[in-house]
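Quick setup: one chain, the form predicted on its own, written in C-alpha cells, and binding and motion questions come after.
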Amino acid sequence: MLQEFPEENIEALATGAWILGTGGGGNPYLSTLNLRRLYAEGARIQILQPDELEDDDMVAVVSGMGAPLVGQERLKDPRHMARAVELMEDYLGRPFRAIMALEIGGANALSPFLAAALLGRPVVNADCMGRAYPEAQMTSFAIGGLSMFPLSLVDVRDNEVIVTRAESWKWMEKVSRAVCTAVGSTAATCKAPRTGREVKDWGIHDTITQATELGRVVLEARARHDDPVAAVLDHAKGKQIFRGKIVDVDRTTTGGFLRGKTVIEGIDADRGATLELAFQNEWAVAFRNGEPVAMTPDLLCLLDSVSGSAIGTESVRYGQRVSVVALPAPEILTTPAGVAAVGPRAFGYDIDFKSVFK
C-alpha cells in the first residue's frame, strides 16, 4: 500500500541520511531545498515497500555521481536526475514501476525523491548500500552477483551517455567514472535496472524509514537541549570512537573522487591521543596513534559534538569540535563477500576487517 511521504519528514530524512552517509553521498542541503520547492509546487511523493513490488516490476536505481566537493559548488537541478531515468526507459523500451536510491547516504538519499516528484512514480523504501560508498561495485546488488549494465548518465551541459555493457562491476565503475570525470566530476545517473524480485532479494530494506527516524532523534534531542550525539548512539546502538578537535585536513579531488585524511586531536577522555580518519569520498579507516581502531564496513560517522550534525569529507575544516562514532553495518556487508567488496582492502589498506561491535 502506497504511503505519502509528508513534507515535515524532509528535514528528518536529510539529517539522518547525512549521518548514514559516513562523510559522503553529498551534503543534502541543496537537495532538501529542491524537494521543498517541489512540494510547494504541489508535488507529493508516495513510498512503496519492497515486498509490494511484483517480481517483474522494473525499478530505477538513481544517484548523483562524482566528487562531493564539486557537488557542493555546482547547484543541483532535479530535471537531470529525472532525465537519467527517462533516458534509461527509452533505451529499455518499457517504463519503471518505481524509483529507489543507490545509497541512503547524504544527498543521494533524496535523489529518487527529486526524480519521482517530476515523473510521478513512487519511491521504494530501500537502497543497496545502507550507507554511502564511492564505487559501483560496493553494493548489495554487486555482492549478489547481479548484472551491472546498462547505465545512463546525464550532465548539466546536455550530455547524455548510455553504457550498454561492461565486463564486470569494476569495469562499469572505471568506464562510468571516466565519463563522469570528463563532464566535470558530477553527473546524474540511473544505474542498472532492477526487477522487483531482485530488490526483494538483494536490496537493503526500510532504509528511508531508518534515516528518517535517526534524523528525527537528532532534531528532537536538539529541541530538548539534550546531547544529540548521545541520542544517535542510543538510537542506532552505536559506539563512540573519539572526541576532539580537527587540527589538520589534507584532501584533493582526483580521478572523480575526493581523497585525503583528517587529523583529530583528542579532548576529554581522549586527551593526549590523535585520530586520523582516511577517506575516499566517505570515511574509510580510523587510526588512533597510528593503529587502526575502526574501519568500513562499520559506519564511521563524524558528527559535530554540539549539534549532532554530520560533517562531510568536503566540509570538514580546522577547529571543528567533533565526535567520531561507529554505527552497525547492514548484515550483508559483513559477510565474507561483503567484506571483500567494501572492507579495508577494497580501499587499498592491508588490514583485516575487525568490527568495533565484536
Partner chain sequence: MKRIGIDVGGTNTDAVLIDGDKITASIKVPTTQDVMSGVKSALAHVAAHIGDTPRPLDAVMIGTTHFTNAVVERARLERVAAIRIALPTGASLPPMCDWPEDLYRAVDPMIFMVHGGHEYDGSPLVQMREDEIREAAMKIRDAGVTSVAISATFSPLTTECEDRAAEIVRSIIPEARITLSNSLGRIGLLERENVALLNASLQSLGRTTVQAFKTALAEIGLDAPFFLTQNDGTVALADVAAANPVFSFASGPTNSMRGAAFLTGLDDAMVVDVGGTTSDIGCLIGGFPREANNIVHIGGVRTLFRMPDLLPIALGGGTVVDPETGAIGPRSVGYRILHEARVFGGQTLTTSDIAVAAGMIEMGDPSLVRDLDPTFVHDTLARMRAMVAENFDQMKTSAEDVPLIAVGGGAFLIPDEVPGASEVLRVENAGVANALGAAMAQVSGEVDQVFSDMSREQALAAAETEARAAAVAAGADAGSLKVLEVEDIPIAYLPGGARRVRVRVIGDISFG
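Take the two forms, find the largest set of C-alpha atoms that superpose within 1.5 Å, and that set is the rigid core. Numbering follows the first chain given and starts at 1. Just so we're clear, the structure is a prediction, and the values are computed from it rather than from any experiment.
What comes next is about the form predicted in complex with its partner chain, which does not appear here.
Stretch 68-76 is the answer when you ask which of 68-76, 233-241, 164-172, 207-215 has residues with heavy atoms within 4.5 Å of its partner chain in the model of the complex. Proximity of Ser323 to its partner chain in the model of the complex falls outside the 4.5 Å heavy atom cutoff.
At a distance threshold of 4.5 angstroms between non-hydrogen atoms, Arg224 is out of contact with its partner chain in the model of the complex. Taking the partner from elsewhere, Ser185 is found to have a heavy atom lying within 4.5 Å of its partner chain in the model of the complex. A residue is said to contact a partner when one of its heavy atoms sits within 4.5 Å of a partner heavy atom; Asn125 fails this definition for its partner chain in the model of the complex, lying far away. Of the residues Met58, Leu33, Val293, Ala43, just one reaches its partner chain in the model of the complex with a heavy atom at 4.5 Å or closer; this is Leu33. Contact with its partner chain in the model of the complex, judged by any heavy atom within 4.5 Å, is made by just one of Leu258, Ala115, Leu277, Leu102: Leu258.
Scanning 238-252 for heavy atoms within 4.5 Å of its partner chain in the model of the complex gives Lys245, Arg251, Thr252 in sequence order.
Positional change of Thr212 between this form and the one not shown stays under 2 Å at the C-alpha, relative to the superposed core. Relative to the superposed rigid core, Asn159 undergoes a CA displacement of at least 2 Å between this form and the one not shown. Shown in the overlay between this form and the one not shown, fitted on the rigid core, is a CA shift at Gly184 of 2 Å or greater.
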